[in-house]
Structure formats: structure tokens, C-alpha cells
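Below you'll find only one chain, the form predicted alone, shown as C-alpha cells.
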């Protein structure tokens, strides 16, 4: 499929004009997205500049790396340090620099305290385990988009006995639902994450639309996708409806991927989970079902968790950025140039999906 048509200047400007024309019929409209890739596109294509002043696109908790708890990072690092000669900690690249209470995986490795290996895919992870006698623990991070392929590999592959998984996967719909219930998010509509909805489905957000009277629209990641979704939200507001809709029909089925959902449910169950800076969120994390618990590194090695952990480094306001309470430039560490992609203090500056990182890439130091 040619994606260039979704970047066509004339189409994008016509959508922006349609939004502008309708904007006088309502007051302030706060639309939160829960996807770092959306924020990347919004910043890269300067979409906020095309919108009227009363429509605000707010970045929410859409970066799985950013919401990974310091408690989990501390636990895997402390275990790795104690068992340096016996194990290798593997993970994807964007998790390496997220700091726990004291170390990130990268800084602990650089200090010679533990063995860390970055992998680019699950095939590389399996090959790593097959080529060593050490225990390989995969620090497995991501929303359902990543959790589903991990579950598929676990269910369908003959994995090496020395490979296990430390799951910190999160389930987006329940995370957003519980934050809304707790009154931690103050918004008028939701822009749903297209790729996560490919697995969970737009239908997973029906209860949010119904219970909180919030228009919800799943969108793709090109400029025309995002502006089309904004227009769909405005149309719902005009007609005084609140429902879950699908803008991303070329990729996404409303009910999601049934096979992916079944695979996820076979391998993992939903459990209460700590989201960094946001606290414990009910039924928002993926942990192993009994049948596959032999691959659960937490159980296999009796990994210990401390109740003394630091979620936010001094001066860091990532939690408020994740909740859409402030913009990155309002954080003193960002504003003073102390937190950068080269020296990330808060998790929002680490990953390409982090809001602060996305702002920095476009705006730079202020």
C-alpha cells in the first residue's frame, strides 16, 4: 500500500481546514492519545500547528518503556549482579537506558556489574540462548503489540531450557480505564493506538466510551490518519455520541486479532501491575498462566523485589508528562538541558516513543 497518499499535502490541509471550520461549535477539546508513535508523528509533521487553539492533542501513557516500574528494573539488575557468572540479561535496545533506583541495565553493564545483551528480535534471543550454557533472561517489555508475538513464540516454539522471561508487559485498555476511574486523566476524547488495537481491537474501548462518555477513535500514524481521527471525534461531539470507532480500517479490524488474543490469553493472564509514577493499576499487566510458568523467570529463580525503590529521579516530572498534566518543556530538567537523549534522567527521554524524547528531537533544547 502506498502510504504517501496519507501524507499528501492537499489532503492534510483540507482535513485541517475542515477541523478549523467545525471548531467554533464547541469550547476546549482535550484529546489524549496513548501511543508514542502518534506523538512522534504529531511532532514530526507539526500537526498541533494545524489545529485551532481550542483543540489540544495531549500525550498520555503510551510508552511501555516509560511506564516500566523502577521496582522491576531494580529486581532484574540486582538478580543479574548476584548471578553475573551464571546468567545473561537480554532485552530490546530502548529498555537499556531506563534508570531504576540507581542503575540502568546499560550503566550497570558498563560498570562491569552484570552481563547484558541487546537483541533486535525474538529469533536473535533464541539463538543467543542456544549458543550459551548460561541462563538467559529476557526482560520482556511492551504493550499487547509486543506481548502477543512473545506469547506466540512461547506457545509455538521449542525453546532452549536455559531461556526464561521476566514479563513487564502492560495491557493498554485496562491501564487507561483504571486511570480514568481514579480521576488521574482529565480529557474529553481518546485517540486510540492503532498498532495496539490491531491485537486488542477497538471493541476493547467500548466500556470507556460508554462509561465515561468519551469519543474514542483508533488511528493510523500518517498525518491524514491523525487529522481524520480528530475530525471523527469532532463529529461524535457534534452528534452528542460517545463510541469507539475505527479510522485505521486498512490495517485494523474492529474486534482485533482473535488468534493473537487467544494466544495471549493462553500464555498470560492479567494481573495488577505497577506503572512507573502512576502506581498499581488493576488488571493491567501480563503475567504467566500456570501452564507456562516454567518459563517465568520471576518464579524460576525466585527473583526478589524490594519495596524501597525510587520511581522518579530528583526533579524529574515524567509522571506528570505521562498523565498529560504538563508538557515536557515544563519539566525543570528538560528546560535546563540536564535531561537529554544523551544523558536521560527520566524514562520519557529514553525511548523513541517517549514524549520528552519526541519533543527534543523536534524542538531541541529550550
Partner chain sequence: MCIGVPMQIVEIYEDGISGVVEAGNTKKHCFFMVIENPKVGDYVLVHAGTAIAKIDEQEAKENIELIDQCLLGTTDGSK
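None of the values given here were measured: they were computed from a predicted structure. Numbering follows the first chain given and starts at 1.
Although not depicted, the form predicted in complex with the partner chain is the subject of the following passage.
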If you check in the predicted bound form, is residue 64 within 4.5 Å of the partner chain, heavy atoms only? yes
Although the partner isn't part of this model, could you tell me whether residue 121 comes within 4.5 Å of the partner chain in the predicted bound form, counting any heavy atom of the residue? yes
Partner contact for residue 363 in the predicted bound form: the partner chain, 4.5 angstroms, heavy atom: no
Although the partner chain is absent from this view, report whether residue 205 comes within 4.5 Å of it in the predicted bound form, heavy atoms only. no
Which is the contacting stretch out of 192-200, 281-289, 78-86, 110-118, given heavy atoms within 4.5 Å of the partner chain in the predicted bound form? 192-200
Does every residue of 99, 320 and 335 put a non-hydrogen atom within 4.5 angstroms of the partner chain in the predicted bound form? no
May I ask you to choose, among 126, 180, 295, 187, the residue with a heavy atom within 4.5 Å of the partner chain in the predicted bound form? 126
Under the 4.5 Å heavy atom criterion, name the residues of 15-41 that approach the partner chain in the predicted bound form, in sequence order. 15, 18, 22, 37
